[in-house]
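In the block that follows, a single chain appears as structure tokens, in the form predicted on its own.
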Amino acid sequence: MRLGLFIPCYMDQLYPRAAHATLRLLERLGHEVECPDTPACCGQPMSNSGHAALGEDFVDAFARRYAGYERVVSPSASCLLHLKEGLEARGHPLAHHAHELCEFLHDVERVEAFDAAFPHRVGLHQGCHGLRGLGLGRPSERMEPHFSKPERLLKRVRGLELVELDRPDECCGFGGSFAVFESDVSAAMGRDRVADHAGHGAEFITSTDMSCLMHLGGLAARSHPQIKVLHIAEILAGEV
């Protein structure tokens, strides 16, 4: 399958290891993976700041750059959700062929095992966009059987022990520009999440969103420096 890889701008600049891990995961599955030379932004920062109209061109540019691929995969649930919503509003067919990484591995590829070992206690942070927007798991407010696609994938990594949290799907408080305009509230929410992971002995926190991990990692470095953050792609690819 010919795949278009969408790497958000902040990951390209700050967390290239997670991007490379995503690429290698997809290539090991036998896909032809391409990342367009022209950088692409989803436009979410503008929308989060109350200027949605300024981000419209980014969705159109994304549609043009990735129109030729059978499917598009991204290691960022929040950026992908923003793009999918914009594409759906336009009635663009790419909206139904764009996938967050774990969704692609779980639903499309149906991966049953990874050539990876990670003998550590890991806490899974289920970001709001992936959980409630993309349906990667069951939010606690819904009276349905529990499921979590990232959790199922992590359980297929040798030696990895998932820790149970008191509040497994509570927001980390990042929220893009929310962390800037409401910094005190954002930091308090993040500290609560880090404390939940620390209280259950997590050595690492992982997520489908590097933006959440950026926030949690900064707070953990101050209060619980023994806890590190890793994007889920790095664990599944066995590159840590």
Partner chain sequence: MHPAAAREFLSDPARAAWHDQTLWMVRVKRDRMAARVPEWEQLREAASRIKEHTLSRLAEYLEEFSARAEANGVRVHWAADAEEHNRIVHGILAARGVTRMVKSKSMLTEECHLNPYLEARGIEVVDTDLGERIVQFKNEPPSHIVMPAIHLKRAEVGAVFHEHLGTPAGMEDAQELAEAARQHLRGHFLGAQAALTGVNFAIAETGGFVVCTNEGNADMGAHLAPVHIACMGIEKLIPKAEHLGVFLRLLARSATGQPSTVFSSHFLKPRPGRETHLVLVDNGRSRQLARADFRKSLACIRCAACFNTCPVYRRSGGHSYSWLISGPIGSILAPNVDKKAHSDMPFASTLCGSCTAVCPVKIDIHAQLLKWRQEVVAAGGSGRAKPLLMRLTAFVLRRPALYRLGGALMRLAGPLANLLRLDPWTRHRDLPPPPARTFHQSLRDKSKP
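What you are looking at is a predicted structure, and each value in this text was computed from that prediction instead of being measured. Positions refer to the first chain, counted from 1.
This protein has a second form, the form predicted in complex with its partner chain, left out of what is shown; the following refers to that one.
- No residue in the set 146, 164 and 226 has a non-hydrogen atom no more than 4.5 Å from its partner chain in the predicted bound form.
- In summary, the region of this chain contacting its partner chain in the predicted bound form, judged by heavy atoms within 4.5 Å and restricted to 102-110, 151-159, 121-129, 87-95, corresponds to 121-129.
- In the predicted bound form, at least one heavy atom of residue 219 sits within 4.5 Å of its partner chain.
- Although the partner is absent from this view, residue 58 contacts its partner chain in the predicted bound form, with a non-hydrogen atom inside 4.5 angstroms.
- In the predicted bound form, its partner chain sits beyond 4.5 Å of every heavy atom of residue 62.
- Not displayed here, its partner chain is kept clear of residue 115 by more than 4.5 Å at the level of heavy atoms in the predicted bound form.
- In terms of contact with its partner chain in the predicted bound form, the residue from 67, 54, 198, 29 that brings a heavy atom within 4.5 Å is 54.
- Shown without its partner, the chain has 167, 170, 171, 173, 174, 175, 178, 179, 180, 181, 182, 183, 184, 185, 186, 187, 188, 189, 191, 192 in segment 162-196 as residues with a non-hydrogen atom within 4.5 angstroms of its partner chain in the predicted bound form.
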